[in-house]
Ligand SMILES: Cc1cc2nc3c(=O)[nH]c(=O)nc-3n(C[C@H](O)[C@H](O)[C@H](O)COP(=O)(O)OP(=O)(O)OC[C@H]3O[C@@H](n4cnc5c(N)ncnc54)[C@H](O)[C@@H]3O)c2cc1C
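Have a look below at one chain only, the form predicted alone, in structure tokens format.
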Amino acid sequence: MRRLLWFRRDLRSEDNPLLCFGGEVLPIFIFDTNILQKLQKDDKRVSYIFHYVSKLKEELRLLGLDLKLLYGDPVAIIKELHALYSFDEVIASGDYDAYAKQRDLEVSHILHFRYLHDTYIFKHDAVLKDDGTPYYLFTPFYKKALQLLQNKNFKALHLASHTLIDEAYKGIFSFDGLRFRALAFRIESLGFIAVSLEFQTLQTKIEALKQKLQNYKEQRDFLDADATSHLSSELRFGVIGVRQLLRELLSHPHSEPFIRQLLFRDFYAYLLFHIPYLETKNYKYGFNGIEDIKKYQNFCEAKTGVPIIDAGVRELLSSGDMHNRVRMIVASFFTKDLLLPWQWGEAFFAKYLLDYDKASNVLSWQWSAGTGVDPQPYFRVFNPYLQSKKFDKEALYIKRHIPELQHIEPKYLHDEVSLFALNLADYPKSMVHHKEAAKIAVEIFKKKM
């Protein structure tokens, strides 16, 4: 059996189902030009991926394998590889967004495509109602998923015995002359600039998470507390497998609130699979926002005049990250106070988030806009000042990202009236009055019911 092992969102050798298939294999990772051409040259994700692809290449060499790094259109690459090697099948973990499904469909027309389940805890058809239809509400989905979780096998997988095709057929098959190119082992080969990132070992992060679990539920929303897992990017790119993480945490007495978040991640991918148009269109309400380039530019440049919003945008632009509570506050302000299309906000996050996941990002924005499957109606509007007062009482998060506000007492940063009364030379006044903006938003949504 000759197999093409296509690594994608599973950049690890440990507990990877892709390596459970033996025979003659060729492991590959494709830097997809359809995706890369849309990115900025200093995109942090490219450096992040390149770091872990390099690490994976080293790990596979210790197993007697190697990882071919390729650059181009995946469908064209696999078509030519198949013509060269006559593979029996290509194996890869499935993905649920529109581009990935179309790409994989085209590849499946070239040769047999074996989809693996690795990216999420459950397959898209594993958690269903008794009548076989999908859940559209999280709570019943969660209850059913918890039941199924009790009987799910998370034991570590065993590696199969492999023969690397390149070694077995040296001198017969070559990458020379192909219409795509095998990469020199440098990020500059992709046309990107290396960005300096900090990396901790997975075990260090896991052990730190275990220490946080007892207070995770109460603390995870507070911006001055280091209470989150810091594992979202590792899960996004499969640097750690969700099976491995569950093995580490299921027996922990305080793990349920964190596992709930993992199941939320599953639920959003599940919804995108079953309702694919959610990727771009509202599930409910006819209001699609008001396109206003000036408002959008001010938001993107962290010049809204609302401290918690601008702090969140600055964090995102500088680090590729944004605290999850701040993501919700920002998205609510964007869609309700500014009345901008949620699709614009989703695209902005997609451009900069290191942990960007199509399903989680789209469904989170639809949740904040009130246009998704969540039963909470259109009048859910976060007050950014009350939110910052509750979750950043001393304004430590705000001042960390907006140092020009260091001299302002926190109570003024959490109060719209007081903030409007200040005349700050180096920080703008708010673009909107929240109470008025929220009232307008509710009235507009009400008309579009």
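Treat the numbers as computed from the prediction; the structure is a model and nothing was measured. The numbering used is simple: start at 1 and walk along the sequence shown.
The next section is about a form of this same protein that is not shown, the form predicted in complex with the named molecule.
Trainee: I'd like to check something about residue 337: if you look in the predicted complex, is any of its heavy atoms closer than or equal to 4.5 Å to a heavy atom of the named molecule?
Mentor: Residue-level check for residue 337: no, no contact with the named molecule.
Trainee: Please tell me whether any heavy atom belonging to residue 353 falls inside 4.5 Å of a heavy atom of the named molecule, as the geometry stands in the predicted complex.
Mentor: It does: once the named molecule is placed as it appears in the predicted complex, residue 353 has a heavy atom within 4.5 Å of it.
Trainee: Is there any non-hydrogen atom of residue 324 lying within 4.5 Å of the named molecule in the predicted complex?
Mentor: The answer is yes: residue 324 has a heavy atom within 4.5 Å of the named molecule.
Trainee: Examine residue 272 and determine whether its closest non-hydrogen atom to the named molecule in the predicted complex is within 4.5 angstroms.
Mentor: Result no; residue 272 lies far from the named molecule in the predicted complex.
Trainee: At 4.5 Å between heavy atoms, only one of the stretches 111-119, 288-296, 262-270, 146-154 reaches the named molecule in the predicted complex; which one is it?
Mentor: Looking at the other structure, the answer is 262-270.
Trainee: Tell me, out of 282, 361, 93, 255, which residue has a non-hydrogen atom within 4.5 angstroms of the named molecule in the predicted complex.
Mentor: Comparing distances to the named molecule in the predicted complex, the residue within 4.5 Å is 361.
Trainee: Since exactly one of 349, 136, 192, 85 fits, which has a heavy atom within 4.5 Å of the named molecule in the predicted complex?
Mentor: None of the others qualify; the residue that does is 349.
Trainee: Every residue in 229, 328 and 331 with a non-hydrogen atom within 4.5 Å of the named molecule in the predicted complex?
Mentor: Contact check passed for all of 229, 328 and 331.
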